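Read the single chain below, which is given as structure tokens and is the form predicted alone.
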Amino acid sequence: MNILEISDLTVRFAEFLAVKDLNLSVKRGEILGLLGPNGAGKTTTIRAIFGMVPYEGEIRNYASSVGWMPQHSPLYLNLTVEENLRFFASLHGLKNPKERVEEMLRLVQLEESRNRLVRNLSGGMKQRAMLACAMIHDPELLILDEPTAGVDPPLRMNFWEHFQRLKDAGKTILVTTHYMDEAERCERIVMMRAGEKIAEGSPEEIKRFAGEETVMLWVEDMKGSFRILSKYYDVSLNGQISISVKDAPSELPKIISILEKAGIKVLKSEIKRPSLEDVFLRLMEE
């Protein structure tokens, strides 16, 4: 069941199309990642969800409550971290937010900075405070726009472990990111380029969809193997036999069989799959 549905979304700024006929659904209880370079339309899509830009198409939000962490800080610079948390808690109607405020301070590791003015925080600390404010009311749907930008790697992993716990508790997360290791943690990814969706699926599905796999072989007769296999496959020699295929697990037994029938022994075989970064870069260039 979907918690958010976007149909034929188009956002125009004068003659410029920031988002073009985007169709997107977010399932309840999943982590969906929007992946793309700057200018791909990710943030504009999120701003359209919140009605902050005029758009064509239809957006249906079925969540009972939504938390949003934008790219640009909504925090009040002349308030402390704790005062900001209490203020955002009051906006969402939390009458006794003390326990929730403490929980969020622990999560983002700002307990010792609770009394510091936001204007005096580093960029990474502001990101942490923004995330805490977005989650203060325990929203059913959490929309995060580059939530870990400027955050050091160990804390990024802490955030994602918490996102996984939220998912396990039935929450839904829509997140934009530039980090490939974070995209790998999403159940589904939507890749965008120049305002359009160019790929969608799980990380593994996108790798299979967009990138060729490589079968690597170490054999007794390299030249003979190259000559035979070149009749059927795209083959190269670089210390071993490398064969480009679409589905390596299904092709490997066929390749070995061809060589064995020719009397050539296969000493070792490996399958190399493209990384999500390989696929991302390839799709961005097309």
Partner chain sequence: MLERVSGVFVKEIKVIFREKRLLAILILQPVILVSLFGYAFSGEVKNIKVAVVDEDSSDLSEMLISSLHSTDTFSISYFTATRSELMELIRLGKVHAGIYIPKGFQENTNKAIEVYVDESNYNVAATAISKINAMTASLSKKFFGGLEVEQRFVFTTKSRMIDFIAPAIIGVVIQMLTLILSSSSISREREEGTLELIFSTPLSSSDLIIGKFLAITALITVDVFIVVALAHYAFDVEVRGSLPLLLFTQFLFLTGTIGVGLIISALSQTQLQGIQASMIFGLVSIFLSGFFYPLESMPEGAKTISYFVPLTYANIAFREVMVKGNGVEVIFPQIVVLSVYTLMSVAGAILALKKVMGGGSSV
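Values in this document were obtained by computation on a predicted structure and should not be read as measured data. Positions refer to the first chain, counted from 1. Just so we're on the same page, rigid core means the largest C-alpha set that superposes within 1.5 Å between forms.
FYI, the form predicted in complex with its partner chain isn't displayed, but the following is about it.
Stretch 43-51 is the answer when you ask which of 233-241, 217-225, 247-255, 43-51 has residues with heavy atoms within 4.5 Å of its partner chain in the predicted bound form. Proximity of P74 to its partner chain in the predicted bound form: non-hydrogen atoms within 4.5 Å are present. Interface residue remark: P70 is counted as part of the site for its partner chain in the predicted bound form, having a heavy atom within 4.5 Å. Among heavy atoms of F87, some come within 4.5 Å of its partner chain in the predicted bound form. Contact between L144 and its partner chain in the predicted bound form is not found at the 4.5 Å heavy atom cutoff. When contacts are defined as a non-hydrogen atom within 4.5 Å, all of N61, V66 and H92 contact its partner chain in the predicted bound form. After superposition on the rigid core, displacement of the C-alpha of P74 between the shown form and the other one amounts to 2 Å or more.
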